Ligand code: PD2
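First, one chain by itself: the form predicted on its own, in structure tokens.
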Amino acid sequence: MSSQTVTPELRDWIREQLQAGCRTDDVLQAMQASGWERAIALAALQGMLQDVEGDEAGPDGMPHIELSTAPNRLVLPDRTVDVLATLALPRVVVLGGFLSDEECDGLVALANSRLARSETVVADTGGSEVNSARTSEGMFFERGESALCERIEARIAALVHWPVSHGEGLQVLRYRPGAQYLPHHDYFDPHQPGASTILSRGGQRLATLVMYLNTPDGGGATTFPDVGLEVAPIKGHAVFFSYPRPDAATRTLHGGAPVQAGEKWVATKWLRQREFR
């Protein structure tokens, strides 16, 4: 058993480093170089990261779902949604019945003829390209492109207390049998050469909402490998997760498991720091 104890002085030092913008990997490495055991250092770092994120993520500071009263259902202006599961780190909320069957079918119908092989962001340039890690087909709607998009975007804004203007347009993806998206982070690495181009359009991504437009016959879960969580893709359900810092310590590494049978259709909404242009 370790005899090391996390002191108030260490916690203060960690807080100062995080608030100064230091990467958690560098903070962890410095602690280990000073003699702290990795498990103790990591636990102290993760605990302080939660505290710092809580300070930064006030009611107007981050997209968030209001769960302070531990509600089982959320009453939104146009729909009541079930809270199926929550996780603190990473911050994950699984929602039941966020979309109606008709809304799911409507998004699929509007997107179907516009699908193309999905691309991923190229960090070096700020552009995008086809990548073997992502084997789906997809398309983007413009924000407010149709009455259906506008209604869903307004519902998302009410759910996460974040302006419609501060979000990207809805993206619809289709995964055929065997298609997947290997684990990745949704935030943009600010240290990459192309970051300034990406971030100029609306700042950093802060949160993601994935909405399931059908129920595949097998496979296709949204996975969070760092915490061993899998969210089943059930038609109309959704999963929300947020990441206050562009850092792996937020534990928001996630992926789309291979579809085993049938197809999987999802719609994704990314929330940005500022108005997205």
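Quick note: we count residues from 1 along the sequence shown, nothing fancier. A quick note: this is a predicted structure, and the numbers were derived from the prediction, not measured.
Separately, the form predicted in complex with ligand PD2 exists; it is not shown, and the next lines address it.
Heavy atoms of residue 186 reach within 4.5 Å of ligand PD2 in the predicted bound form, making it an interface residue. In the predicted bound form, at least one heavy atom of residue 270 sits within 4.5 Å of a heavy atom of ligand PD2. Interface membership of residue 14, defined by any non-hydrogen atom within 4.5 Å of ligand PD2 in the predicted bound form, is ruled out. Contact between residue 255 and ligand PD2 in the predicted bound form is found at the 4.5 Å heavy atom cutoff. Contact check at 4.5 Å (heavy atoms) against ligand PD2 in the predicted bound form: none of 81, 237 and 240 pass. Partner contact region in the predicted bound form: 172 to 180, out of 172 to 180, 95 to 103, 108 to 116, 193 to 201, criterion any non-hydrogen atom within 4.5 Å of ligand PD2. Comment: ligand PD2 is not present in this chain, but in the predicted bound form one of 210, 27, 41, 213 has a heavy atom within 4.5 Å of it, namely 210.
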